[in-house]
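Consider the single chain below, provided in structure tokens and representing the form predicted on its own.
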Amino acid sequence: MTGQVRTVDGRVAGRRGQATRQKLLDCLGEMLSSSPYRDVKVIDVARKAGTSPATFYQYFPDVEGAVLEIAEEMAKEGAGLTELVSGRSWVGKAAWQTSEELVDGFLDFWRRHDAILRVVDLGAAEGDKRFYKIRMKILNSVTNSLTDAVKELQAKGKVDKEVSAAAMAGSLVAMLAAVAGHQKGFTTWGVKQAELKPNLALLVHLGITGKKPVR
């Protein structure tokens, strides 16, 4: 984490305090991987971090506040997913490569942040605007870049102008997010990861270009 780190009462934390705060966040992140979000208690996080609940409360108002900190950091990284789309070519063989790399990036990001993303999705589904805002921060950057890609292809006459660029991009990103969050479930259907990726990439390619890929 960069920048000044402050305690709940507004004091700037020193190097040792910042390290303690980060350890608390790391331990909480680990616990979310194995325990339901609402079962995680401050005392358990503090114990795992080798400190006290009083120290926890120096940096966070409650477990939810700490979860939001983890989610915000994750969202900053997620915004970087747009680099998989922005400025990339959607013509010829390059379009297939762009589709594959976007799918790879999405699936990898969700695997690495599966625990916190489940909490974010739960909070957003329950109407918590803070979690909804974080979820949209991750998805919006990719959606906007894909929208621009479709519009650029339309301007060149390569995609029908009756296609709604925003609707197509939003639908594809929603699909990617849903599939990425359900990766483990695909194995119960007998679908291997090696089969999932190219089929997702095919759907992305068809959605953006309206054409079968050139490989």
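Basically, rigid core = biggest C-alpha set you can superpose within 1.5 Å across the two forms. Keep in mind that what you see is a predicted model, and the values were worked out from it rather than measured. One rule holds for the numbers: they count along the sequence shown, beginning at 1.
Below, we turn to the form predicted together with a further copy of the same chain, even though it does not appear here.
Next on the checklist: Under a 4.5 Å heavy atom criterion, is G29 part of the interface with a further copy of the same chain in the model of the complex?
Outcome noted: It does not: once a further copy of the same chain is placed as it appears in the model of the complex, G29 has no heavy atom within 4.5 Å of it.
Checklist entry - So in the model of the complex, does P61 come within 4.5 Å of a further copy of the same chain, heavy atom to heavy atom? => result No.
Next on the checklist: Is it the case that H182, even though its partner is missing from this view, gets within 4.5 Å of a further copy of the same chain in the model of the complex, heavy atoms only?
Outcome noted: So H182 counts as contacting a further copy of the same chain.
Checklist entry - With the cut-off set at 4.5 Å between non-hydrogen atoms, does L206 touch a further copy of the same chain in the model of the complex? => result Flag for L206 set to yes.
Checklist entry - What residues of 168 to 188, in sequence order, lie within 4.5 Å of a further copy of the same chain in the model of the complex by heavy atom? => result The stretch 168 to 188, when checked against a further copy of the same chain in the model of the complex, contributes M168, G170, S171, L172, A174, M175, A178, V179, G181, H182, G185, F186, T188 at the 4.5 Å heavy-atom cut-off.
Next on the checklist: Once the core is aligned, does V42 move its Cα by at least 2 Å between the shown form and the other one?
Outcome noted: It does, since the V42 C-alpha is displaced 2 Å or more between the shown form and the other one after the core fit.
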